[in-house]
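Below you will find one chain, with nothing else, as structure tokens; this is the form predicted on its own, and questions on how it binds or moves follow later.
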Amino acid sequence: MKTLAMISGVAAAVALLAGCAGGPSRSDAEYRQLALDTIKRDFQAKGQAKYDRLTADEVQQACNAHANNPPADLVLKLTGAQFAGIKLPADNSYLGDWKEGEKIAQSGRGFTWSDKATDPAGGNCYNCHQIGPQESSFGTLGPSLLGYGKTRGNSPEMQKYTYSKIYNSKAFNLCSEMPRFGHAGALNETQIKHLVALLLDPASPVNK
């Protein structure tokens, strides 16, 4: 989540520079580097927002370099590594409190320079998904999750899958735009369990 907005900003900057630039045409890679150089020049490290947020990891580099469609062998290698890095709960319990999960889904706080690094962040789930039936405003970047557990069931396997997907979506879809909440340390184990409950608990409004 911390780097997603920055990487998206790079993509937007590339498009802007490409549209406004005159003279000899440049390659996408050159525009991307120009955008990165511009961001690095103007970025001001403050609070917990440090320069490391400008650095794309191996997965992000691969997706950027191949327009979100890396070669199959590279996808297999990188998704395997991402999947291997998922840390499942030691107690083999995946369901928390759906009411707490709703609070996390509603909250978009965290990771700005003015937030304390020790304060828990929100998931900001409604920014990309429809989740509860009462929501009149939600994002559509991700699929609707309304009825998620009702249609998929609440089996141990589904609980484990849902936890893993929230922990690191790129283990399942390398160039997914969903943040790697657990992998990036954006949400802790307890918070992810609460979100799993929000999606799977039959008592959750998601499944009513």
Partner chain sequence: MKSHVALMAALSVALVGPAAAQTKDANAEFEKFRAEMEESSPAELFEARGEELWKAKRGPNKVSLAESCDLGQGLGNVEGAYVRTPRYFADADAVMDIERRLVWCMVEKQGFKFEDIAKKPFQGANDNNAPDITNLVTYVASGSRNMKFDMPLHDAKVRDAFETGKAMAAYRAGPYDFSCNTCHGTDGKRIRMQNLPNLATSEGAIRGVQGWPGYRMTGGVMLTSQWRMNDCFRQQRFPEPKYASQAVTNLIAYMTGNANGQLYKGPGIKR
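Being a predicted model, the structure only gives us computed values, none of them experimental. Positions refer to the first chain, counted from 1. Just so we're on the same page, rigid core means the largest C-alpha set that superposes within 1.5 Å between forms.
Beyond the structure shown, there is the form predicted together with the partner chain, which is absent from this document and is the topic of what follows.
Three-residue candidate spot Ala81, Thr190 and Ser204; no residue lies within 4.5 angstroms of the partner chain in the predicted complex by any non-hydrogen atom. Among residues of the shown chain, Tyr94 is not one whose heavy atoms approach the partner chain to within 4.5 Å in the predicted complex. Although the partner is absent here, Ser164 sits far enough away that none of its heavy atoms falls within 4.5 Å of the partner chain in the predicted complex.
In the predicted complex, the partner chain sits within 4.5 Å of a heavy atom of Glu135. Although the partner is absent here, Gln44 sits close enough that one of its heavy atoms falls within 4.5 Å of the partner chain in the predicted complex. Note on the partner interface in the predicted complex: the residue among Lys150, His66, Lys160, Arg26 having a heavy atom within 4.5 angstroms of the partner chain is Arg26.
Residues Tyr31, Arg32, Leu34, Ala35, Leu36, Thr38, Ile39, Arg41, Asp42, Phe43, Gln44, Ala45, Lys46, Ala49, Lys50, Tyr51 are the members of 31-51 with a non-hydrogen atom no more than 4.5 angstroms from the partner chain in the predicted complex.
After superposing the rigid core, the Cα of Ser93 is displaced by less than 2 Å between the shown form and the other one. With the core held fixed, Phe83 shows a CA shift below 2 Å between the shown form and the other one. After superposing the rigid core, the Cα of Gln106 is displaced by less than 2 Å between the shown form and the other one.
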